[in-house]
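In structure tokens, one chain follows: the form predicted on its own.
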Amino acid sequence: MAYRDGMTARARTEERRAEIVRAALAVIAERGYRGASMAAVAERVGLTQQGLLHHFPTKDALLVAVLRERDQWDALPDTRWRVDLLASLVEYNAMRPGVVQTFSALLGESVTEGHPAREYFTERYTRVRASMAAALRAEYGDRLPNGLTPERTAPLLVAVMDGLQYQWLLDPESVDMPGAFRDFLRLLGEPAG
């Protein structure tokens, strides 16, 4: 079914869902996942709670949509990271503290048993480590200058990225997140090529 402005019902629904996800991201950033309510998200987008439930039947479903949307912002067209682009991602994250804060808060909360984002983050970290190992392998080959394999280095790389985010969020005046990450990349050594 087409509307007067040419949008289909499906396009309107997708647009509305995107608006709800953005509102949920803002509410979670302000209140944390546990403090965020479906009513607060519904109010922010001018819906009743019942109207919101039409698009997202549970708070957990909305949370997963928020996390997937956030991942899309960092996705590359070919879904392969390169080591030189990682520093750009860290710089980009330094320009969006609200998104980083929301992600970090949800990540921290997700380590508890039964948290609705636990499975999401577990799967995400499996994918991210594999992607980082592939990026390191493309850059360095089977061994980095320090003698570690890309698979052994990937969890360290991810830990540095996430750990710097926490330090930067707590004390942004003292922690130069992009600079510290570039320093870490120097510690990895120069590529063999």
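All residue numbers are counted from 1 along the displayed sequence. Here the structure is a predicted model, which means the values were calculated and not measured.
The discussion below concerns the form predicted together with another copy of the chain, not included here.
Engineer: Using a 4.5 Å heavy atom cut-off, which of 60 to 68, 132 to 140, 47 to 55, 25 to 33 contacts another copy of the chain in the model of the complex?
Structural biologist: Flagged stretch: 25 to 33.
Engineer: Does any heavy atom of M95 come within 4.5 Å of a heavy atom of another copy of the chain in the model of the complex?
Structural biologist: No.
Engineer: Although the partner isn't part of this model, could you tell me whether A9 comes within 4.5 Å of another copy of the chain in the model of the complex, counting any heavy atom of the residue?
Structural biologist: Taking the distances in the model of the complex, the answer for A9 is no, it never comes within 4.5 Å of another copy of the chain.
Engineer: Would V158 sit within 4.5 Å of another copy of the chain in the model of the complex, counting heavy atoms only?
Structural biologist: Yes, contact at 4.5 Å.
Engineer: Given that another copy of the chain is not shown alongside this chain, does Q72 nevertheless sit within 4.5 Å of it in the model of the complex, heavy atom to heavy atom?
Structural biologist: So Q72 does not count as contacting another copy of the chain.
Engineer: Does another copy of the chain, in the model of the complex, lie within 4.5 angstroms of each residue among A18, V41 and L89, using heavy atoms as the measure?
Structural biologist: No, the candidate spot makes no contact with another copy of the chain.
Engineer: What residues of 122 to 147, in sequence order, lie within 4.5 Å of another copy of the chain in the model of the complex by heavy atom?
Structural biologist: In sequence order, T122, Y125, T126, R129, N146, G147 come within 4.5 Å of the partner.
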